[in-house]
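Encoded as structure tokens, the following chain is the form predicted on its own, with no partner shown.
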């Protein structure tokens, strides 16, 4: 047991690894992803779209698997798969009572197709495993440019549409009555989720996208009711989890997803404790 723990928290060679270009690219990717995920997470929680994020991540996995089979950039495949899923969720599941069933149908199809595509792929097994759990070496220069472009689109859209999105997320009925284009914002926000989910898949894998897309927002909601403060807290939690998880995974040479999930969960527990102390 001690040997397992020692391996999990090993820092052997971490300092040297931090000087390597591929590690530095991974840290840049983690920082960008932390910013974008932190900005979206409170809105995702407010809109009750955790299941949509899960469904979108599965379709990002399918797009990445298709890219492996076709021999194209995995990041581009993940983006295409997740955006397609987001559009389907946004257009077909506009009503709350329809959303879960639509997501479930598309998720099951996409996951089955993704598994079939991975079975058809004859390349390295590490590429298959990386789609599910994330891999630090998966972030190359091309992925970094794709990430930067997608992050720019997401942040730019939030700058323009943040107030209507927040209004539609907290009280869609009143927002529609006030003239907010709720039906337009639903697929728009779904696409933003799709893009961010696609960015997260190479880093943390399709299995644990929820860790960075949901938990920071849920943690922030425990300590602040202010949209601005909640967003800042969510960004900080996402950054700490992603950057910390990346650094902690270097010494053991293990997938970063487990470290990211553990850190963000600890942050959530701390925020719950703070919220309970405040309420009591």
Partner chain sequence: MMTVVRSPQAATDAASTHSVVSVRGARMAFGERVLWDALDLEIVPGEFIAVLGPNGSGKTTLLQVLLGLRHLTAGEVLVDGRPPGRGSDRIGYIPQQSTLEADLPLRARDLVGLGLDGHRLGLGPLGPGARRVRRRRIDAAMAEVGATGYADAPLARLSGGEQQRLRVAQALVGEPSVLLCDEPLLSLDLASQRTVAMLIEIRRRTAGTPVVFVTHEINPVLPLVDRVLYLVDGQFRIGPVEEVMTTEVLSELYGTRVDVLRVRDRLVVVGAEEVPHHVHGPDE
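Model, not experiment: these values are computed from the prediction. Numbering follows the first chain given and starts at 1.
From this point on, the text means the form predicted together with the partner chain, which you will not see here.
Enquirer: Here the chain is shown alone; which of 240, 46, 32, 66 has a heavy atom within 4.5 Å of the partner chain in the predicted complex?
Expert: Exactly one residue meets the criterion: 46.
Enquirer: For the chain shown here without its partner, which stretch in 251 to 259, 221 to 229, 22 to 30, 53 to 61 has non-hydrogen atoms within 4.5 angstroms of the partner chain in the predicted complex?
Expert: Among the candidates, contact is made by 221 to 229.
Enquirer: Can any non-hydrogen atom of residue 171 be found within 4.5 angstroms of the partner chain in the predicted complex?
Expert: Contact check for residue 171: yes, within 4.5 Å of the partner chain in the predicted complex.
Enquirer: Are any of the heavy atoms in residue 176 no more than 4.5 Å from a heavy atom of the partner chain in the predicted complex?
Expert: Contact check for residue 176: yes, within 4.5 Å of the partner chain in the predicted complex.
Enquirer: I'd like to know if residue 167 sits close to the partner chain in the predicted complex, meaning any non-hydrogen atom pair within 4.5 angstroms.
Expert: Residue 167: yes, in contact with the partner chain in the predicted complex.
Enquirer: So in the predicted complex, does any heavy atom of residue 154 sit within 4.5 Å of the partner chain?
Expert: No, no contact at 4.5 Å.
Enquirer: Listed by sequence position, which residues of 47 to 64 have a non-hydrogen atom within 4.5 angstroms of the partner chain in the predicted complex?
Expert: Counting only heavy atoms within 4.5 Å of the partner chain in the predicted complex, no residue of 47 to 64 makes contact.
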